[in-house]
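Structure 1 and structure 2 below are two forms of the same protein chain, each written out on its own as structure tokens.
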Structure 1
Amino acid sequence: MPGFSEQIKGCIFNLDGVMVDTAKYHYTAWRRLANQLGFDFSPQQHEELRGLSRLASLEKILEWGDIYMTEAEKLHWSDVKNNWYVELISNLRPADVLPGVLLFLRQVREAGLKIALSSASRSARQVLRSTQLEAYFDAIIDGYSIRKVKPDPESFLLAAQALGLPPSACLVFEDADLGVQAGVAGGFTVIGIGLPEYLPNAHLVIAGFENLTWNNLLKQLSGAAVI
């Protein structure tokens, strides 16, 4: 697919669940908060938080516990949860990078493409440093840069702007349906990471980066009739 492959000049990656498995640390921190408030919730319920902002996640959890909080209390507890999460991820190491990610990043770089990170997490840079991924990125958009939550495309549009590229020249890699919706709304070609039934709006869904090459991805996109 010469036309499409030549058009793509950059890749924009989400962080949690795409490059590093930090979901278990989020669950541990949120569950600790719930337990302090007198209830519990399951890993399956936690999956419903995928792609939500910190405050939106807290509000969902409070619904499960049938607990009311003022806005000031929500801000307090969301900060408490984040402090617990930051403590947990301080132990992250390069071995925590998901299988195939490093090799895929190197191939994208060797193909001459620019690479950006787009994450709503304010701890994104810490995760990148701990896992030694930071040097791969030409631009990093994190929770300090983003004002609008997904499915608003702001986070990806900022990343493309930082790379100096239009959305049509970028691939977005996302593991949450809200993130996929944001990428599509912004005019990007979106690669979903996970199970197709959870990512119905993605142009293509892959299980992960293990054994995936850049050329193979382009072939899959061609087969998916991405234009």
Structure 2
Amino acid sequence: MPGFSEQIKGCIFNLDGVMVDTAKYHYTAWRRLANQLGFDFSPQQHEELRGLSRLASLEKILEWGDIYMTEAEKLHWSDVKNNWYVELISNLRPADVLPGVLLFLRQVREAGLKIALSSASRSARQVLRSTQLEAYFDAIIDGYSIRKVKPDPESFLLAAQALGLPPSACLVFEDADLGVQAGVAGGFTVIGIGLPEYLPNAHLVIAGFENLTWNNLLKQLSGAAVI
């Protein structure tokens, strides 16, 4: 049986909050919508929306505000939120890619691995284009391809399939606990990005990609007895 580092042939990255700090714009736009409906919600509550689809996010927010909407009203308000969000991300530039991400992607490429994006957002391609990240990806799974909401593993399984790899050959990089749960449920090794207390289900948690090398990550996985 090959060692773990030889077994890993692909990396699957979430986008919002992992590669680009777009989660703050989702929060601003969703909060503006809640405010128009007469209530507010906290950054902690917004954590629960990370990784959810647009409709699932809206339904959660409506629960918090104890508001009933017809399906047509939900469509209308999710469009309104999306227009605000698209306006907020219209000025994204390559400099908005989070520290260390580009260098890490290059190292992953040089190590001969394949790279996929898996994002619940329908704006993922726009974000990749304006930050000039698109060329790094062999496969892109976004909110248009995904049918099942996390913690269902569908989004990562589609990404692995698009790379032609089994889950056991892929690392998943995720900043949301729901996404980590989805990756683990799919049989992936999952690296949480952020604070360990928010990511109790990840195999390993790192603060971000700044100063992270591919070899250093493999060492950390080995130190955490994941490999």
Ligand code: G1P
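Rigid core here is just the name for the largest C-alpha set that superposes within 1.5 Å across the two forms. As the structure is a computational prediction, the values presented were derived from the model and not from experiment. Residue 1 is the first residue of structure 1, and the numbers go on in sequence order from there.
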Legend entry - Of structures 1 and 2, the one that is the form predicted in complex with this ligand: 2
Legend entry - Large Cα shift (2 Å or above) at A169 between structure 1 and structure 2, core-fitted: no
Legend entry - Threshold 2 Å Cα movement between structure 1 and structure 2 for G51, core superposed: yes
Inset, instruction - Determine, in Å, the CA shift of F39 between structure 1 and structure 2 after the rigid core is used for superposition. - result: 3.0
